[in-house]
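This document opens with one chain alone, in structure tokens, the form predicted on its own.
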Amino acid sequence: MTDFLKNERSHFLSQFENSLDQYLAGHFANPQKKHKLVLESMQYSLKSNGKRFRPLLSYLVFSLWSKDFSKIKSWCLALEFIHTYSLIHDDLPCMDNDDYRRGVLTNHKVYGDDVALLAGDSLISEAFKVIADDANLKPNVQVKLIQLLASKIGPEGMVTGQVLDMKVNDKITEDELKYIHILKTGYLIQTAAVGAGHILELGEKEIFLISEFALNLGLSFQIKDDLLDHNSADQDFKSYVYILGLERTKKELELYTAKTLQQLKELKSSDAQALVDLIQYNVARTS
């Protein structure tokens, strides 16, 4: 990661974490509230050393035109709420049945399956509430953000991606794998970037370029993950390396990287260095 990207990320995180702490403090203001247990469960996963990649991407896209974090704060929080809910649910015994995430016990191992499930459900509703409550957003923008988020995380997006991921067998094709990754991972990454465009009230051309750029970025991150997992215990048949082989997978990463750089260039922004660095960081990362 370049020093420039590190500085941009550090600047973003200082604002984001402060906003998250304020949000949590508001909910915990009254310790007598009967929903304290579910709040603690939500907080446990929200504060468990996440990379904040989706809100960071949204902020970096937003920064191409504006540096006013207050206008995108609630959107960044909503993205992290949705991502965190998906991780809590993915870890449950009925899904991936994982005991650890990010080096600590998964939510259900600490709070039980029932509370973890409901904490995830609560984070979904909080994501929409934080957008609807934001006085910095115009009403028409709030509606666009809510529609966008809802369309990409439900049966036409992330939920179906998870269903397909659980039900697929080892005869999976490249097209089927790509479709699962788009639904399960790519759509929320795409949504993060497109939402920034809606907050900025950009035109259709800019929104389209941002949408294509972010979706290809999401796929390139997934391909890189598969390459990093090559020959590890985590590598299974639901990977590009398993289907395409190592060398073809490397070529796919080169292809998607070139696409994202070209689409970013077409936005004609003079302040896109952090996003260029993010794309190149993905190619070079070792974890």
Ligand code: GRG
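On a predicted model such as this, the values are computed, not experimentally measured, just so you know. Residue numbers run from 1 along the displayed sequence.
Just so it is clear, the following notes concern the form predicted together with the named molecule, a form of the same protein that is not shown.
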**Asked** Quick one: does F213 come within 4.5 Å of the named molecule in the model of the complex, counting heavy atoms only?
**Response** no
**Message:** in the model of the complex, does T106 come within 4.5 Å of the named molecule, counting heavy atoms only?
**Reply:** no
**Request:** Consider K51 of the chain shown here, and say whether it contacts the named molecule in the model of the complex, taking contact as heavy atoms within 4.5 Å.
**Result:** yes
**Asked** Is E206 one of the residues lying within 4.5 Å of the named molecule in the model of the complex, judged by heavy atom distances?
**Response** no
**the named molecule in the model of the complex reached by all of R102, Q162 and D225, non-hydrogen atom within 4.5 Å** = yes
**Asked** Using a 4.5 Å heavy atom cut-off, which stretch among 153 to 161, 196 to 204, 70 to 78, 126 to 134 contacts the named molecule in the model of the complex?
**Response** 153 to 161
**Message:** By the heavy atom within 4.5 Å rule, which residue out of L118, I172, L87, I182 makes contact with the named molecule in the model of the complex?
**Reply:** L87
**Complete:** Answer key: of W65, Y242, Y44, F221, within 4.5 Å of the named molecule in the model of the complex (heavy atoms) is F221
